[in-house]
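Have a look below at one chain only, the form predicted alone, in structure tokens format.
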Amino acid sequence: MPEFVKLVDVTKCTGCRACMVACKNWNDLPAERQEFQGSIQSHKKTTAHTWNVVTYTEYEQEDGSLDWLFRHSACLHCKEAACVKVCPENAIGYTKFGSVVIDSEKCIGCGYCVNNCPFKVVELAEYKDEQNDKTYYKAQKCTLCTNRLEKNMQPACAVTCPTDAIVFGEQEAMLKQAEARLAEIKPLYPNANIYNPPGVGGTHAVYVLPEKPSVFGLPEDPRVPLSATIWKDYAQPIGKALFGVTTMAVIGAFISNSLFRRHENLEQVENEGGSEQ
């Protein structure tokens, strides 16, 4: 089966937010009242109930003029997804379409995926068990409309976009389209690039950007945490075979602490004025 890609050409985006509305409608996501944050951007970032957000960035060009830069922000569906590697319950996995999806029945709301997503698009939704009066959590994010793909339909955001800033198709065709578009805009935007980061194995949501990724709030070189790779690809399978459950629990606690410390370090950098990861 061919791989699929959602191609987002931000140079065609007008910031209309039709993709946000379509996502809410198709996935039956509730509205969220937001406090005014000094911008016409509706949400600061994606949330557990708002799986894509159009970001608005006021950008000063070299000649002093100002531009509004828009970006459809949602899960990039990494080919080597950190969320998949850190999930202790194997609740996150890949579909035949390449999308990364969460099995809510298996999710225990531990938040490891939230802490280790390099794009910060996964969030925990809070639920209430009325019978037991208990609160519990489940991770939520964009699914690339996998339930639509299974019915030979395209993602709701791609179908709705009025300017074709979001298109969807087989990977080879989408990447060729991205290269052709890059050649068109290079004379006007010397810093233009295709964002398909190799540090996460590439993604199933690829951007055409007129400026550096960091201008749009994207990490320049996102990578899967080394601790997550060691845990998922080496320690876990070897440990289960050789050491048994108890030893693996101890190793797992160490790895878990490492994963959380990474998140705390990132927050500290941001609070001190560092760039977004």
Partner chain sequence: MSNYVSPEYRELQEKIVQLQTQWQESIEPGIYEHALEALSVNNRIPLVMRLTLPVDSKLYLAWVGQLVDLLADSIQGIESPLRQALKSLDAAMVEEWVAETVAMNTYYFEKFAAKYQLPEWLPHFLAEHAIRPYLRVLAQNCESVVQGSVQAEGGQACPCCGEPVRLGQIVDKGEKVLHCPRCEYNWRENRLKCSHCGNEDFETMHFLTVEGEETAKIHVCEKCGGYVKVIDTRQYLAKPAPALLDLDTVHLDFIAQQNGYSPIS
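Numbering follows the first chain given and starts at 1. Quick caveat: nothing in here was measured; it's all calculated off a predicted structure.
The discussion below concerns the form predicted in complex with its partner chain, not included here.
Participant: Just to confirm, Arg148 within 4.5 Å of its partner chain in the predicted bound form by heavy atoms?
Facilitator: Flag for Arg148 set to yes.
Participant: Heavy atom to heavy atom, is Asn152 within 4.5 Å of its partner chain in the predicted bound form?
Facilitator: Contact check for Asn152: yes, within 4.5 Å of its partner chain in the predicted bound form.
Participant: Mark Asp164 yes when one of its heavy atoms lies within 4.5 Å of a heavy atom of its partner chain in the predicted bound form, and no otherwise.
Facilitator: Taking the distances in the predicted bound form, the answer for Asp164 is yes, it comes within 4.5 Å of its partner chain.
Participant: Test of understanding: in the predicted bound form, would Val159 fall inside 4.5 Å of its partner chain by heavy atoms?
Facilitator: Output for Val159 is yes: heavy atoms within 4.5 Å of its partner chain.
Participant: Check, residue by residue, if Phe4, Trp26 and Phe168 all come within 4.5 Å of its partner chain in the predicted bound form, counting heavy atoms only.
Facilitator: Yes, because Phe4, Trp26 and Phe168 each have a heavy atom that approaches its partner chain to within 4.5 Å in the predicted bound form.
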